[in-house]
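In the form predicted alone, a lone chain appears below as structure tokens.
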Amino acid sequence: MKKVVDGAEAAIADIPSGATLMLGGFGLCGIPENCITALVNKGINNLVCISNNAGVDDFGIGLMLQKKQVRKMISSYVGENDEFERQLLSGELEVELIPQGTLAERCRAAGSGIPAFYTPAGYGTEVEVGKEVREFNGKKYLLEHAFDSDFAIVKAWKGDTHGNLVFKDTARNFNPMMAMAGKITIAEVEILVPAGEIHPNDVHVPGIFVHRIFQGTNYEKRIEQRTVRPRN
């Protein structure tokens, strides 16, 4: 099965309006920049996006929000995006906020074939509303379900033509879990090498989980909040 495709536009060509997408990254670190740009240019809408963050106003998922392409955001942290706040408060955008660990576990469960699990995170808060509660050993837990996403879109540092992925430093955040969880997983990489050039011990996500891969270009790798020491 040939997995290498010719760029982001080809990789996302069959993603329709109304699809549920997982988008890797933490803040702006390790986000699939090329695929997000291609999705914006394609102009599809009514999307459900599962991502730890919602980007910033002029970058990442924020670009999709500006174009009103997102119907619902399922996220953990959304505090860096004024347009997100405006759409939420005006009722234009449906939002499901999830504790970060629960978000990660719902991704991992999907990739591991686990339909649901119990967690204490969120019990006694608004997160509990509408969820089953059970007690184990005197402690209350919420039932959470694995995600059901049509596509997972991730960004890795290096990949090979069989789809094996290697992530670099902090970019190994939600990307590996999401790569395992999508019905169809699309990976963009900075470096694409022939199969066999990545040592098996270095593989973070085996190629069996990846359906399409391409070498991306022109990565900005923006920093969400830059904090530096004052000059003397």
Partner chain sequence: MLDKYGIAKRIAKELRDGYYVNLGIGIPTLVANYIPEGMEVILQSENGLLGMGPFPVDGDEDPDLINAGKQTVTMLKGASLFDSATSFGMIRAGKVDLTVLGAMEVTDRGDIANWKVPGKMVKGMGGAMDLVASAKNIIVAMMHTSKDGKSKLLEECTLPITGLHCVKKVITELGVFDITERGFELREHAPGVTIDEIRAKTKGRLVVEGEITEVLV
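Keep in mind that this is a model prediction, so the values were computed, not measured. Numbering follows the first chain given and starts at 1.
The following text describes the form predicted in complex with its partner chain, which does not appear among the structures shown.
Enquirer: Would you please decide whether residue 125 lies within 4.5 angstroms of its partner chain in the predicted bound form, comparing each non-hydrogen atom pair?
Expert: Yes, residue 125 lies within 4.5 Å of its partner chain in the predicted bound form.
Enquirer: Quick one: does residue 161 come within 4.5 Å of its partner chain in the predicted bound form, counting heavy atoms only?
Expert: Because no heavy atom of residue 161 falls inside 4.5 Å of its partner chain in the predicted bound form, the answer is no.
Enquirer: Can you tell me if residue 41 lies within 4.5 angstroms of its partner chain in the predicted bound form, counting non-hydrogen atoms only?
Expert: Although its partner chain is absent here, residue 41 would stay clear of it in the predicted bound form, with no heavy atoms inside 4.5 Å.
Enquirer: I'd like to know if residue 170 sits close to its partner chain in the predicted bound form, meaning any non-hydrogen atom pair within 4.5 angstroms.
Expert: Result yes; residue 170 sits at the interface with its partner chain in the predicted bound form.
Enquirer: Among 41 to 49, 171 to 179, 194 to 202, 62 to 70, which stretch has residues with heavy atoms no more than 4.5 Å from its partner chain in the predicted bound form?
Expert: Looking at the partner contacts, the answer comes out as 171 to 179.
Enquirer: Looking at its partner chain in the predicted bound form, which residues in 198 to 232 have at least one heavy atom within 4.5 Å of it?
Expert: 221, 223, 224, 225, 226, 227, 228, 229, 230, 231, in sequence order.
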